[in-house]
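Following this are structure 1 and structure 2, which are two forms of one protein chain, each written alone as structure tokens.
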Structure 1
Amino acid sequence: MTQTRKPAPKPEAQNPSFSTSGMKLIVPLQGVVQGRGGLLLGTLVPCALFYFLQLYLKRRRSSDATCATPPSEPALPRTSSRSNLSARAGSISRVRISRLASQISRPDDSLYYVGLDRVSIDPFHALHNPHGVIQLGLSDNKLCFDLIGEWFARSLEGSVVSTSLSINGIAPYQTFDGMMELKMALSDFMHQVMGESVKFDPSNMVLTAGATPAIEILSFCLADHGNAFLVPTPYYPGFDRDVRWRPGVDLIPVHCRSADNFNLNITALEQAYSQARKRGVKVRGILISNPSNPVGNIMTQDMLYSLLDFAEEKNIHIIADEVFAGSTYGSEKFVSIAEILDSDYIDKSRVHIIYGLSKDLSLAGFRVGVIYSFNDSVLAAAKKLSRFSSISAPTQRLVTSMLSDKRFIREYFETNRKRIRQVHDEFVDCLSKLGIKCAKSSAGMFCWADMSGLIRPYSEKGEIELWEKFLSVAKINITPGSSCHCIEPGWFRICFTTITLEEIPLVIERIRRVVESCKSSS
């Protein structure tokens, strides 16, 4: 026979008194809930016992820890995960960064930026560091700082600055593409700079924090990653970063030669365009600097017309960097590309102008740049992209006040052009006495000096060795032509507006040391 085994009674049923008393100690309020033992036995007594037990255990742990470890060296229990990380520390790979960041973080290969870094480490100062490196590699106009300082002093005494910098005008959010007040002031200013021959519509402007982001934004708007712009050489070394780093647009040099004073010709432009097309590269535009940086020559009106014809034939854009338009000192008249767009047959939508206040108004630190375009789609996109490079509200208010001071602007330009011409003529004359000739120029803050007779061998290697000698022996930073993609070795850009007229003899004496050293060694 099969006996049926009865299921064992549950522990709660076997000993109900054990369950009740145990739970009273762990959960003191259960007695009240269940209605047994009364308030005193069911709640207060178990609570008191429970908290006295907690206090005792806490003091016990504190005394044990004090005995085990000195107060100044608290013990940090090491978990198993920390131990594992410590053991694997030698085998963990470095965390990855983007491909773009990896490329940009590499040491500079352009001597233009290497020279700027060397100056920052050992900058010249007449009193504090007289043997430091003199900066002649940066087109920074310091000749009229006194005029800018005087305007600020007068404005601070009056109500101009306090009114323009009211908290309600600078604290709230502003439009990213620039305040209309500043656009209107800039349109009048640019009209004056361009010889009052062309008017600029504020609605065609997008303001940016300097000309650098203006060029970058236009690169994003006009070309796709892997496309290219044609650029006449020698050209400003900063274009390589402005156009290539983030937009990913390539620059194709259009080589100009000293026999033509490095002026652009359409034949060279055609050759560069055809070669790019054969390589499968899509050319989207022409990037020019007018006046030229680093040569200082000015494009003629006929050349500008030829450029427009070429761009229309190839169906590409023109970006005209005109940041030195007001820094003229020669006999040649500057003509803005905007001046020749009045004809009905010209397609204005392919023309885009870059301007800024860093050069002509000596306000490089204020970071005020302008995109001027006739293309509605480009303007719409540029306005949205300007959120990443907008000008601060205090800067916009302050600059608007300065540009609105017509008398100051007129006197500034008269003095600035006079001082640039004076320093240029004196500096070029001193170089010629050392046997160094400069290309003919009419604008800018630099001279394009031919030192090919000083380099041995006659190659880019010889040019770099001469540049290093200027930097280490003469303690002068200048820009070698190879950084400007010049095809002829031995040319150097020397910026003369970073020094005063009184400092020219010191600079010439330092250059003399290098010249004599090269001649004696040869």
Structure 2
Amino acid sequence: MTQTRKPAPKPEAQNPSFSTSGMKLIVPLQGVVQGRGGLLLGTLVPCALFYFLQLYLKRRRSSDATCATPPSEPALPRTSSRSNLSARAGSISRVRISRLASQISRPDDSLYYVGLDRVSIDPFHALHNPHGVIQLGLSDNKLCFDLIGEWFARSLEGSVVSTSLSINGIAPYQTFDGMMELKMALSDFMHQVMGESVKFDPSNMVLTAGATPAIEILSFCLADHGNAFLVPTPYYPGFDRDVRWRPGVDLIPVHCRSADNFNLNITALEQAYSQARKRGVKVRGILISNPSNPVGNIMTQDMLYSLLDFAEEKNIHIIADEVFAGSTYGSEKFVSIAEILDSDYIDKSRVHIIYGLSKDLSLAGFRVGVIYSFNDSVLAAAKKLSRFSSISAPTQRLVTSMLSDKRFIREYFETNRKRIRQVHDEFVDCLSKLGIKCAKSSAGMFCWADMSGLIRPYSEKGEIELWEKFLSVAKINITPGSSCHCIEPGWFRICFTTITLEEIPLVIERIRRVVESCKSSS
């Protein structure tokens, strides 16, 4: 077959106004346009080189395209012309992972580990594989299992340690990133919890001892020390510890306001991003919690798409903390970011999801967290780092059994949702009778209450004083908005799932006393 050189790319990929080469010209010149005039030469020369390189590559690609059998491409859904450019942008500028992740995701050259791998490929077994490799390289003590097994059998009241849960299965070293049975059970569970609209692949998971190390490990993998993530405010106070402490990644707030019901808007995101750039801070990703903690609102599908477009354009990551996905009670349906990734044009490798069982299944003590990613390098690096935060084997077993009982899980969820809604509705109603309005929320275990009318002065100081009053006088621990970096003073997160319906009057009475005392002292 003769190969004819065709200069023009395929018709589907062409778009005159935002042509791919046009955008590639604009992006490098952005730096000049933003006023770094003093570095004009330093910017123009690499930009020019970059531009010419792109042209060269494009020509190369067009000729390559005619040699290979062109795959049949369906017309891309054209919601915005930007999304079209993403097809090209994604294939050239792949999102980068951290230096640490690059280093450790490579196969280990230490023969200590190479040897261990070799055994797992061809393990000796007296009956089934007598010519296999005998493991003499793992310092493991199996000589006294029988004693431990006997102790468990004796001491666990009225039970027999059945073979499926016997000590032999759970005592030895497991793969650090979680047993496959648990990953499979979790992927089914996540599918169920998130409205059954998207399937999760167990091989895209790394399990960790809770969502807390999951967030920290992702931070280590996606950003270097001194880089930053953008995070909408108000946000979960634990993020400061998980992202900033050891990984040394900064969190740049993107302020959301009560006028928008604290929903994110892209303009604010853009502004925060460019301000960071001006300061010379490298933004590596956006961290969102959806459903949101502390507000309890759910991100719309449109907003998720906009977020993805934004991330594509800036070539950064998205970390979506979805730990409250199963704790919805409102009329809005939760949409996981995984659900909208099914389109071809999106670079999935920039999206990472955090999940866990602490909220939806109330098993915080058991430490079960999930990193879900489409990025092989991130998975490889996270898998290695999970050695520091592995889930205890007996817990993996127990949880696998629980999750595999589909009937129980379904019943649990229906009842749980109903009860959360009951407590939420009653509590919010009672608060509103006291004159305290809450932000509109559809998920989570808390309400985001506006007590700005009660604070004096209208500032963080006034807010903290009110918080102290609640704690010392009313003896109620609630979370002040300033801990969540909320830009508007006076908002408080109040969790209501730790009290019963019957206890609500007691709590409301205590709150009422504080409200009265604020009003009388004004």
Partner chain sequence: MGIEIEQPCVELSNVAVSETHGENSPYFAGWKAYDENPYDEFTNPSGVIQMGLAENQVSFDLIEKYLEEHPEEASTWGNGASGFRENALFQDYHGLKTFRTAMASFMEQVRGGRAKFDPQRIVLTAGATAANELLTFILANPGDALLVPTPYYPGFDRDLRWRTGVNIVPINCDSSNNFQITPEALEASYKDAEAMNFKVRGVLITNPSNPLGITIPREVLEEILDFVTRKNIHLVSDEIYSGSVFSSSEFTSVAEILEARENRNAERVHIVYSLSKDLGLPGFRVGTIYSYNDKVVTTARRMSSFTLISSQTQHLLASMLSDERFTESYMETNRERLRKRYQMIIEGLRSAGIECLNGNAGLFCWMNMSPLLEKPTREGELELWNTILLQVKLNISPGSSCHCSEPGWFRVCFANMSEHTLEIALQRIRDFMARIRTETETESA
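Rigid core: the largest C-alpha set superposing within 1.5 Å between the two forms. Residue numbering: sequential along structure 1, first residue numbered 1. Nothing here was measured: the structure is a model prediction, and the numbers come from that model.
Remark: structure 1 matches the stated condition (the form predicted on its own). Core-aligned CA deviation for residue 248 between the two structures: less than 2 Å. Superposition of the core reveals a Cα shift of less than 2 Å for residue 191 between the two structures.
With a cut-off of 2 Å and the rigid core superposed, residue 414 has a Cα displacement that falls short of the cut-off between the two structures. Superposing the two forms on their core, we find that the Cα atom of residue 138 is displaced by 41.8 Å between the two structures.
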